[in-house]
Structures are given as C-alpha cells and as structure tokens.
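Shown below, as structure tokens, is a lone chain in the form predicted alone; questions about how it binds or moves come after it.
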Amino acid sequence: MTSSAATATAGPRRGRAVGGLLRGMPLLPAVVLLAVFLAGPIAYCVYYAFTDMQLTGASGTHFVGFDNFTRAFGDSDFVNAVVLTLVFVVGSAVVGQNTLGLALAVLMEKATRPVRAVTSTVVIAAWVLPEVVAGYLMYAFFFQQGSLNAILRGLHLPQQNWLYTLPILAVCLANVWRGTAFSMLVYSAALNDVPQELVEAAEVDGAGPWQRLWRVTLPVIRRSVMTNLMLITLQTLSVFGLIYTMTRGGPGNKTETLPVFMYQQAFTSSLIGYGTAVALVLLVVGALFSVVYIRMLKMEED
C-alpha cells in the first residue's frame, strides 16, 4: 500500500518536472548565447588579469597571481585615473546629468507643447549621436579655434585653450550635454505619477515652487531618482570614446579616466594582463556603486 502511494505521488512530480523543462526550452538559446558571448569572455578576462600576457615582446604567458593588482595600486598613474574617474562620474553624472535632467523635466511640465517638442528634440538629438561623433563635436566646440572661443571673442571676453587649461571640466560638460536626455526622460515619466492633489494641497497651504519640489515632488519620485542615479553612474563609468576622441586622456594624464588608462596599458603599451586587471578593478567599482544604490532603494522600501 505504501509503495503504491509513493508511485502515485512520484508520477505527478515527474510530470511537473518534465513540464518545467519543456517550458524552459525556449530560453535555452538565450542562455547559451549569454554563456558563450558574455560569461565566457568575462571568465577569460579574469584569467588574463592574473597573467603577464603581452601583445609584443613576450615569448609566453605566465601566471603571476596578484602582481598586476599590486602594481596597479602602487602606480601613481592608476591612482590618478581612479580620482579622475570619481570626479568625472560625480561631476558629469551625479551632479550634471541628474540635476539638469530633473530641471528640464520640471520646466517642460509647465511649458507649451511647441516648447516641449523643440526642447525634447534638441536634448535627445545629442543623446542618440554615436559617442565618437559627439566627441568630435565637443572637440570642435572647446578647442582653441573652436566655437566657444569664437562666441567669447564676439562678446569681447577672454579666450583660452579649454582642452589644455581645463580638460576635465571640458569632458565633464561634454558628457552632461550628451547624457542629460536619459535623466530628462526618466524624470518626465516619474513626474506624471505625482498626484496633483498633493501639489495643489501644498500650493493652497502656501508652499512655493521650491518647497513643493523639495517636500512633495522629490519624496514621491525618490525611487526614480535612485534608479536614474544608478543607471547614469554605470553608463558614465564606462565612457571611453567621448574622452578619447576629445583629449586621448591628455594633456599628460589630466583626463585619463580608468577606461582610457586601461586602453593605454592594454593596447598602447601592449600589457594585456595589466590592462585586464585594471578592467576588473573598474568592474568592481561599478559593482560597488550598484550595491550602494540598491541598498539605498531597499532602505526606502523599509
């Protein structure tokens, strides 16, 4: 009797297991592609980060353990790249894109339809440009004989070589110009979810525009704020083409962020192992930012 009951119970279980496998079959091609083209290269890079692989001059590749990471943290150029990366991320993404995107979204909410259409077109046009094209446009704007100095000359104001005297500021402003559209779209969608009753009640109570924004709007859209900050931070951490097109990391190493430093080491100096180790550090930095933002989102939920 017990054996019959066990057999009767096992039958439906096997049926459910087979049914689950059959339902998962359509996902198999995607899983294979992710394993081959994402997980595989990442695993290969992790291996290279612990070797002395070079493009030229080396007779073979040898396992060197943590030597590449030890060398990186003892390298003043690497430390400089980390500092510049943090300045670039905070200046152009956390402060620049985030603040300007929110400001544009708030202003466009009250603007007429033609103004919204023109503003959206202009801002989004910069976002959809390829990174290299945007870099060349910003180079043409900031370099010594560029558009910015031509405007200043017309206003009888002093000019300078912006890419030489203030290079990190120039690339930060270029990234703000190119990436603000994403934040603007996120906040435009979030503002549509703000209950108008709350805004009207605050207005009746005498709250001004800044008070309504700070005490009503931002608390309601705080989850969108954190999500936007996480996404633009990760996007900005990986910016390479814009900076390399504008300055190639120069003058000297004044705009050599981690992606540019990694490229210089791996492909200019032919130190693939060392460059890959720097890439892993960049990956860890991105993961740390993600963890911080996710923890802050969970704290908001609690």
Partner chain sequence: MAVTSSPRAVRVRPEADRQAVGGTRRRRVATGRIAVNASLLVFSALYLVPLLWMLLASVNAHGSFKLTVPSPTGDNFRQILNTDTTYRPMLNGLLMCGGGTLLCVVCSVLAAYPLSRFRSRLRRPFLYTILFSTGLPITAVMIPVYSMFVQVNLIDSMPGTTLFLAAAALPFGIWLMKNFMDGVPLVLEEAARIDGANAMQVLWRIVLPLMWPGVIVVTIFTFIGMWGNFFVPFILLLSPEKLPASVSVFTFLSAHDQTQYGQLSAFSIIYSIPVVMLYLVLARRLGGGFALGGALKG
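No experiment lies behind these values; they were computed from the predicted model shown. Under this definition, the rigid core comprises the largest set of C-alpha atoms superposing within 1.5 Å between the forms. Residue numbers count along the first chain shown, from 1.
The protein also exists as the form predicted together with the partner chain; that form is not presented, and the subsequent description refers to it.
**Student:** Though the partner chain is not shown, can you say which of T119, Q159, T165, T227 has a heavy atom within 4.5 Å of it in the predicted complex?
**Tutor:** It is T119.
**Student:** Please tell me which of V79, V90, A111, A201 lies within 4.5 Å of the partner chain in the predicted complex, judged by heavy atoms.
**Tutor:** None of the other options qualify; the answer is A111.
**Student:** Is there a heavy atom of V216 lying 4.5 Å or less from a heavy atom of the partner chain in the predicted complex?
**Tutor:** Because no heavy atom of V216 falls inside 4.5 Å of the partner chain in the predicted complex, the answer is no.
**Student:** At 4.5 Å between heavy atoms, is L191 in contact with the partner chain in the predicted complex?
**Tutor:** Output for L191 is no: heavy atoms all beyond 4.5 Å of the partner chain.
**Student:** Taking the partner chain as it sits in the predicted complex, is G250 near enough to touch it, meaning that at least one heavy atom pair lies within 4.5 angstroms?
**Tutor:** Judged by the heavy-atom cut-off of 4.5 Å, G250 is well away from the partner chain in the predicted complex.
**Student:** Quick one: does S270 come within 4.5 Å of the partner chain in the predicted complex, counting heavy atoms only?
**Tutor:** S270: no, not in contact with the partner chain in the predicted complex.
**Student:** Sort through 176 to 184, 218 to 226, 68 to 76, 81 to 89 and report the only stretch with a non-hydrogen atom within 4.5 Å of the partner chain in the predicted complex.
**Tutor:** That would be 176 to 184.
**Student:** Check each residue of 118 to 136 against the partner chain in the predicted complex and list those with a heavy atom within 4.5 Å, in sequence order.
**Tutor:** Those in contact are V118, T119, S120, T121, V122, V123, I124, A125, A126, W127, V128, L129, P130, E131, V132, V133, Y136.
**Student:** With a threshold of 2 Å on the C-alpha, tell me if V122 counts as moved between the shown form and the other one once the core is superposed.
**Tutor:** It does not reach a 2 Å shift.
**Student:** Would the C-alpha of L155 be classed as shifted by 2 Å or more between the shown form and the other one after rigid-core alignment?
**Tutor:** Yes, the C-alpha position differs by at least 2 Å between the shown form and the other one.
**Student:** For a quick test of reading the superposition: does G252 move by 2 Å or more at the CA between the shown form and the other one, rigid core aligned?
**Tutor:** It does not, since the G252 C-alpha is displaced less than 2 Å between the shown form and the other one after the core fit.
**Student:** Your call: V292 and V83 CA atoms, closer or farther in the predicted complex versus the shown structure, by 3 Å or more?
**Tutor:** Pair moves farther apart in the predicted complex.
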